[in-house]
Each structure stands twice: as structure tokens, then as C-alpha cells.
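Next up is one chain by itself, shown in C-alpha cells, the form predicted on its own.
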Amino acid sequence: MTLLVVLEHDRGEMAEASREALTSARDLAAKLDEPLHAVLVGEEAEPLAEEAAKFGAEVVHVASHDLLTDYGPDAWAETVRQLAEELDAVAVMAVGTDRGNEVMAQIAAREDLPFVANCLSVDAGDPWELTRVQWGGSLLEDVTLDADRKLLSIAHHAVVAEPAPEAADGDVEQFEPDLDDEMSVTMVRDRVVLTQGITLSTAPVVVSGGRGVGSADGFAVLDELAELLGGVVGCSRAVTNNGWRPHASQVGQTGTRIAPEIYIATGISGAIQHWVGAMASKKILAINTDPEANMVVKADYAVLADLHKVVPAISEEIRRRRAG
């Protein structure tokens, strides 16, 4: 028996979520006293086996097939399902990204098994007891999982990805699933690049504005600060609703979930939907005139003042120090 982890990648580039998955799975595999196996789908993913070993994968299965040229939820799920069956896996897990949860849900439907998504903790007793995020982070639910094969995902950004104290062997084994053409009903065929360089989801610094910015023109000072800090500008849903910034800039449950080193939230009240998207930030600085605003209350640091005075002052001080 084994613990099998689904690793995400994009055309041979390992997703950070995969490192989180392996970090979490190492502890679970140790508690279960089961070997930790990982699966990479697609021939181009094989070079990632060495990195998977650094994060604790004892065996890395590289699945290849004519239909596995790019991501497709049906083909990926059926591939992982067949491999889990062959390995007699006690559990299959991933990280709860859109892709991770989609693949795991497909497996659950095919096997008629329960699937617990977005877990924060796992107690692999008899039965298993898990705590997972519900309602966009406003509710933590305790769940009992009793199934022949456990299917779960770990909440994205709930675990800090760390290499194993000692790299595992990472033995590579080839796997060819039995797939028919119906598995390609949904498949990535082409991509359109909307942004290049750092993005909202990958930026080390995010400077966001909410309704308190006042207008589309008011974001000029935020653009300036973000450029000085090597970051990007985000916004709240109220801003996109007003047409001041595009939806692609929205931070939140219905926008982008971020995890920068610092999140500077200006003029944002911090409704639960926005907080869910920002709560994985390492540090949060709130700039707001309302001391009772949810973002101010939950932030690591807060400045109670007019953002239109504070933000330009921060930018000016950065320029002064760099000039000196």
C-alpha cells in the first residue's frame, strides 16, 4: 500500500502547489507508515522527478500516453485512478487549487468515493478525522472520512513548502494508462498570454486599493508604489464593480488568492470574500481611516490615516533613501 500524491505542473514547470502537497504528504505518510509515491502526468514532466525526491517522494511515477500532451481533467483523473488502483493506494491527495480539486473530484466520481477538499489538518486514525475550510474561509468544518481509499486535498497556502531534511530516492517508474478518445473531451489546446513577468498570484509585494481610493485615477499613487517595490497592484471587488480596474486585478474568493511577502491594503474594508483571497500573505499592512474595518483589525500593521497622504509619503521616502 502507498500514499499517492498528484503533482501539478505546467508544461514541465513544477507548480508551487506540488511542493506544498509533498510537504504535507511527508508527515501523513510517516503517520501511516506507508511509502510516499508521487505521480507526474505527461512525458515532459519527467525532469521534475528529481525535485519531487528533494521534497520526499520515494517513487515518482511518470504517466505518458498520446492523450496526455497537455492538461485535461478527464485524462488526468483516469490516469491517477488507474495508478492508485495498481498501487493499492490507501489515499490519494493533492493541493486544493482549481486543477487539484478538479482532478480529485473526477476521481471521486469515477470511483463513487467521498472526497474531502481544502483540508487544514488530517488525523489518520480509525476513522480519519479532518478539518477543512468551507464557505470561503469563514467556516472550519470537522469531517470524518471512512472509505476504502481516502481522497483529499490540502488547502492551498495552508502549508509552507519545505524540502525534506534528506532527499528521498525518487526512483522513476514509467506508467502508461489505458485511455480512450473520450478522455480528451476536455483538454487544453492553446494558450493566450495575458500577462508576462510577475503576476498577482506570484508577486512578492501586492499593493491593493478598495472603494476608499475614490476613483480609477486614484490608483496612480498605488501603481507608483508597487513599481518602486517591484510588486503589482490589486483591488477589491467594489473596485471592479465600479469599473476602475479589471477583474484580473481582483484579490478575493472570486478573484485571485495571493500569498506575497507583504500585502499593502489601502482603503479596503476587508469583507470576508476579500480576506479569504489575502489571508495567506506573510504580512499585511492596512491603510485606512476606519479603525474598526475588518482589514485593519486583522492586519499585522495598520496606519489610520488618509491613503492619499500616506501612500505618496511612502513612495517619496523610498526614493529619498535610494538616492542617498
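When you see a residue number, it is the position in the sequence shown, counting from 1. By rigid core we mean the largest C-alpha set that fits within 1.5 Å across both forms. Note that the coordinates shown come from a computational prediction; the quantities given were computed from them, not determined experimentally.
What comes next is about the form predicted together with a small molecule, which is not displayed.
Just one of A91, L222, V80, V251 comes within 4.5 Å of the small molecule in the model of the complex, counting any heavy atom, and that one is V251.
Only one of D290, D27, E46, D70 comes within 4.5 Å of the small molecule in the model of the complex through a heavy atom, and that residue is D290. By the criterion of a heavy atom within 4.5 Å, I264 is excluded from the residues contacting the small molecule in the model of the complex. R211 belongs to the set of residues with a heavy atom inside 4.5 Å of the small molecule in the model of the complex. Mapping the unseen interface onto this chain, S281 falls outside it, with no heavy atom inside 4.5 Å of the small molecule in the model of the complex. Looking at H274, you'd find a heavy atom of it within 4.5 angstroms of the small molecule in the model of the complex. Partner contact region in the model of the complex: 252-260, out of 252-260, 46-54, 60-68, 31-39, criterion any non-hydrogen atom within 4.5 Å of the small molecule. Taking the rigid core as fixed, one finds a CA shift for R257 of 2 Å or more between the shown form and the other one. When the rigid core is held fixed, the Cα atom of M295 travels 2 angstroms or more between the shown form and the other one. Annotation for A108: C-alpha shift under 2 angstroms between the shown form and the other one, rigid core superposed.
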